Each structure stands twice: as structure tokens, then as C-alpha cells.
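Take a look at this single chain, the form predicted on its own, given in C-alpha cells.
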Amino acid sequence: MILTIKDLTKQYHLKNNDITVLENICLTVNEHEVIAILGTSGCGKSTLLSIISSLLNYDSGTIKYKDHFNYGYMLQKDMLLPYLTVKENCLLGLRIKKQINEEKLKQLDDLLIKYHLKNYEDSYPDNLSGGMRQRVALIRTILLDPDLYLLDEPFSALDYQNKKMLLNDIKKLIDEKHQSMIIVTHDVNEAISLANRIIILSNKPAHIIKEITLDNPDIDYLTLVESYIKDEV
């Protein structure tokens, strides 16, 4: 088991009132599992990922992580540092963790070649296209060798072919290394093709309205999932 969330509630405390974003969220993420989180825009999907990654605090409930828990978080924005080269941006997470070694440098070199960035390793982010920047962000995440990938629609701005390629690469990686992933997406087909389970959140205050395990080939999951999302629009 990677982590267990129980009765998680998150509020934003504003000057005149409090707004509850997440309410009594209960979720378990298992080893070697892909979970897709679906819901309407602004319902709290990204907030949930930020809480799991400890970037945000929460008001009540509990989160229990497995020992030596390690995650890799990819946002919609690539978050590259403009004053670092492609190679330096790729190594940033490892540098912070003081985990740069010969093996990781060899892995980086292989990934730069794989994603057609080898000739750009000394370039700066401003000289890259949006797709290239996202590939740099992906390499930075892969190098961390996380137990859990947290993906917040990081490839939503890419064209279909590049998006499919990068998501398939991540899926292949987690299958090979028995890692896990939580992906936030608006694409129901993407969720069905990637995930073992789909979690559907309600509008704010968000709670889980349906948890669907994708284990029966005879079920029309597209129609099933869309029926729950439609009720929330």
C-alpha cells in the first residue's frame, strides 16, 4: 500500500468566510496501481494532489504514507527554471535530494536521446517549444524514480500523438518498476485506457460520488463514467 487517505477535508480560510473544497475524502492507493481522478473544472482535483504531495495543508482527516515514500509531481505547467539549462533542469530534483551519481547521469543521457533533446541539453527553456519543455519536465520526474507519480494534466496542451506517446511511456515505466500513479484528467477515454480505478469527484465541496474498478471487459465504462460526470455539470 502506497498511501491511505481517511476523512480528508480542506478549507480555504478567507477574510469573510471559509470555503470547503474537499470534504471527507477517503482513498487508498495500492502498490502498482493507476488511479484516474475525474470531475468538473474547479472541483478540487488539483488541490487533492497538492495535499498528497504535502504542498498544501489540510484541515482534518489523516494521510498515512508507506515508509520511505517518494513521489514525482508533474503539473500542467512545466515549472522549468529559466536560468538553468535543459540538463540542469532535468537534474534539479536529484540535486536537491543529493542523489546525482554515474548511474543517474547515464539514465539522463539515454532519456535525452529517447526524447530527442540530446542536442538541446545546453539550451535554456526559453529556446524550447512547449512540447520540448514538457519532455524536460517528464525526464526530471522519471529520474526521481518515484513510488508514486502525481500527474495533474501535464500534457493537456500537447497534440494528440505526443500526449499519447508520453503517457504510454509513463504507463510502461510503472508496469516495469511496479510503481503507482494518480492522474487528474478531463479525458474519460484517457482515464479508461490508463487506469485500474477511476475516482469521480462531485462539485465543491468535493466528495467521492463514485469509485469504479475497471476489471470487467463486458461493461461499457465510457457510458458509465460519463453518466456520473453529466449529473455534476
Ligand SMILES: Nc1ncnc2c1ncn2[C@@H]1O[C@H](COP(=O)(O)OP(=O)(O)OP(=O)(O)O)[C@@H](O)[C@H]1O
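In this text, residue numbers run from 1 along the sequence as written. Owing to the predicted nature of the structure, the values given are computational and were not obtained by experimental measurement.
The same protein has a further form, the form predicted in complex with the ligand, not shown here; the description that follows concerns it.
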If contact means a heavy atom within 4.5 Å, which one of 46-54, 60-68, 161-169, 192-200 is the stretch that engages the ligand in the predicted bound form?
46-54
Although the ligand is absent from this view, report whether Lys177 comes within 4.5 Å of it in the predicted bound form, heavy atoms only.
no
How about Thr40: is it within 4.5 Å of the ligand in the predicted bound form, going by heavy atoms?
yes
Is Asp147 one of the residues lying within 4.5 Å of the ligand in the predicted bound form, judged by heavy atom distances?
no
With the cut-off set at 4.5 Å between non-hydrogen atoms, does Glu153 touch the ligand in the predicted bound form?
yes
Just give me the single entry in Gln76, Ser123, Gln107, Gln99 that has a non-hydrogen atom within 4.5 angstroms of the ligand in the predicted bound form.
Gln76
Residue by residue through 166-187, which ones have a non-hydrogen atom no more than 4.5 angstroms from the ligand in the predicted bound form?
His186
